[in-house]
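First come two forms of one protein chain, each written alone as structure tokens, so that there is a structure 1 and a structure 2.
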Structure 1
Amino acid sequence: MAKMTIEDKLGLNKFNTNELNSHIDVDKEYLDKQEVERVCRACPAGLYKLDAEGKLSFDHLGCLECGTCRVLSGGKVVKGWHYPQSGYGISFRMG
């Protein structure tokens, strides 16, 4: 049997997301580009992105709820973070 890759395992996850209410409050206008880039690089789900003009975009759908962005940001780029409300979030199903 072939060994599963990380991508294969992540593909098994089930997301039940609240599309209207994010559990992460992001300051998309934060000015320190080094801080913003650090959060973008660290997110394992790739939910933080900078466009060609350096503007931050963020989508909470697909969040792995690891808290990496919260810890790295220290309240700067990520102003608030909490687990999704009951019944929402990720269900890990690692083959």
Structure 2
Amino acid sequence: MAKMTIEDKLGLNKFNTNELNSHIDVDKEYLDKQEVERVCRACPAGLYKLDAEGKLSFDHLGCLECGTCRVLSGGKVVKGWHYPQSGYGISFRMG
């Protein structure tokens, strides 16, 4: 069994994504690098990424709507967190 990447796993899920609006507002310039790393490690969908230069990127597509990043870093790296607008986001077929 070839090892699946997190992108492979998310690819199996059913999403109805709002391409334009992110339901999570991330401070990509947040200065405390340790805090940023915490969030990167905690997101179960691996959506917070640091590149080689230490720059943070975030992609709301693939969000599992768990709330981990908000609880961990609300008011810091995570400036705003809402559930996706009505009708959007993940739809579990199993759950």
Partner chain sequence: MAEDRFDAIIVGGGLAGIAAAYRLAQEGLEVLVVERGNTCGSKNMTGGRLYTHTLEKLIPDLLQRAPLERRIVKERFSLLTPSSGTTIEVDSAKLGGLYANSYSVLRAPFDRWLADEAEAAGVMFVCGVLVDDLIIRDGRVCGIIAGEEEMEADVVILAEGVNAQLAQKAGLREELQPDQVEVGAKEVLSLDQAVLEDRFHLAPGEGIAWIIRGEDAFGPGANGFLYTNKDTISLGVVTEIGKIPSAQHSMVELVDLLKEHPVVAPLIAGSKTVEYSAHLLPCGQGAILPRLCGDGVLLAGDAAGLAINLGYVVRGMDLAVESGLLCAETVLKCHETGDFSRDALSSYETAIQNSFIPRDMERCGSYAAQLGNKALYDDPAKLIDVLTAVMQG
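Here, a residue number simply tells you its place in the sequence of structure 1, counted from 1. Owing to the predicted nature of the structure, the values given are computational and were not obtained by experimental measurement. Whichever C-alpha set is largest while still superposing within 1.5 Å between the two forms counts as the rigid core.
S.K.: Of these two forms of the chain, identify the one that is the form predicted together with the partner chain.
M.R.: The chain shown as structure 2 is the form predicted together with the partner chain.
S.K.: Just checking, between the two structures and with the core aligned, does N18 shift 2 Å or more at the CA?
M.R.: N18 C-alpha, core-superposed: shift of less than 2 Å.
S.K.: So, does K9 move by 2 Å or more at the CA between the two structures, with the core held fixed?
M.R.: Comparing the forms between the two structures, which are aligned on their rigid core, K9 does shift its C-alpha by 2 Å or more.
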